[in-house]
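First, one chain by itself in structure tokens, the form predicted alone.
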Amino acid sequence: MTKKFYVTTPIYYINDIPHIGHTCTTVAADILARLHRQLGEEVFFLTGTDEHGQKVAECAVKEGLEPQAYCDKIAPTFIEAWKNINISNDFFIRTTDSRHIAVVQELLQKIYDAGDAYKAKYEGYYCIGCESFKTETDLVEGHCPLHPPEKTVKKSEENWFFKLSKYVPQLIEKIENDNYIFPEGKRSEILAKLKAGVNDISLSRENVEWGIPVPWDKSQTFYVWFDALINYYSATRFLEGKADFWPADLHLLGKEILWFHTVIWQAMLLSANIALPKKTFTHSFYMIDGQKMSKSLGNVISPKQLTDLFEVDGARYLIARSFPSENDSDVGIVRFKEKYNADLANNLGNLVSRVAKLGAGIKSIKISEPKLGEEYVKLIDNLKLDEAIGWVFENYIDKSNNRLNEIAPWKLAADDPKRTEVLQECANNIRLAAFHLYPIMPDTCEKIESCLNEEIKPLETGLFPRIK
């Protein structure tokens, strides 16, 4: 049987337009999806938008729209953004999809039927920015550290609660013996928090109309996070031929949603008697020139800015090179330009151009069924994208540049066998580099293959023009 691979991004909250934070997660997931397709696996790649909750309703009011109309206006901006940066997702899920809503109600009914939901009064802190209830230990100087102080408010409301505490021993055992949380630092963080003690959490909200109704209590709607998390499972239930993709092989997420995905989501699945996802990988944040990205500072970088400056494959490459795998990554337009010029314009692009021009008319070495390097595949699977690209440059691109400089074929006669040999060798290395870099820069790698396959041909246009 063909091996299956199911990868997800978070579904992005629809109160904002796409920015580089959303983009890095989506591009990384796309790289994984393309890699696993190259490996001959059957892939399901899911992304989408999270469209319920208090913040969405507030944004809709500000724009003079009904919540659904507001969602219908914003969701296409994400669809278009991912199309414009060549994202190969198999499905785009929206939580206002009636098919998703049906699965949410069905799964949460299972939790209720298992005796894991009860009604109680919540009194404490709530972050409007996160749409999340907070404990004292979550706060810094009395407010959520991710949002302005005014976003943290005191709440008192009667809700349905989920018996999260009941599943803490099982989760600790699972993480310690059969870990699903990566990288290691995030695993340690979650274990410490679980062992420090966990309270039950609100499953529903009162007075929040823009949400999915609770089937056993129509006066309440499901808390937006419970609705949102179920998207990963629901898509496999209502899309024909996708049922056997569950459980997901990888949930890729940012660190601000670590707890929801590694604790709450897993406990929900345990309660509903559904298989757990195999792996979660939580990346860090982008800093923009040493500062946190923020609309008020005016330093938010959009995917369109990147593709306008560096074109699609250049933007994808820069995101992969700077991907904040374990630590925050400090980036900026100036640094991106420097990296683009150094790696792509001066190095890879110049190398391909020289070999294609010098070797015009020379037969290429036939590559029979090239295989991806095991180390390279392992690095991509572990989201060490910068190291994976470095491996390709070291093994193929730098090696070719060194050989060209060593032999200097431009100084040799056209019929000199050494000239033909070194250009064939370099063309072969570049094609192998393109084969490996295909998940990162698909269009560019196809162009490289077409000009170096069978017979070396000059490029019609340069691959990566220098940017000032």
Ligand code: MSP
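One rule holds for the numbers: they count along the sequence shown, beginning at 1. If you're wondering where the values come from, they're calculated on a predicted model, not measured in any experiment.
One more form of this protein should be noted, the form predicted together with this ligand, which is absent from this view; the next part is about it.
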(request) Give a yes/no on whether residue 293 approaches this ligand to within 4.5 Å in the model of the complex, heavy atoms considered. (result) yes
(message) Even though the partner isn't displayed, in the model of the complex is residue 457 close enough to this ligand, meaning a heavy atom within 4.5 Å?
(response) no
(message) Is residue 11 near this ligand? Define near as a heavy atom within 4.5 Å, in the model of the complex.
(response) yes
(message) Can you tell me if residue 210 lies within 4.5 angstroms of this ligand in the model of the complex, counting non-hydrogen atoms only?
(response) no
(message) On the criterion of a non-hydrogen atom at 4.5 angstroms or closer, are 21, 24 and 225 all touching this ligand in the model of the complex?
(response) yes
(message) Heavy atoms within 4.5 Å of this ligand in the model of the complex: which stretch in 364-372, 351-359, 334-342, 230-238 meets that?
(response) 230-238
(message) Just to confirm, with a 4.5 Å cut-off on non-hydrogen atoms, which of 203, 389, 257, 315 contacts this ligand in the model of the complex?
(response) 257
(request) Have a look at 322, 395, 284, 84 for me and say which one sits with a heavy atom within 4.5 Å of this ligand in the model of the complex. (result) 284
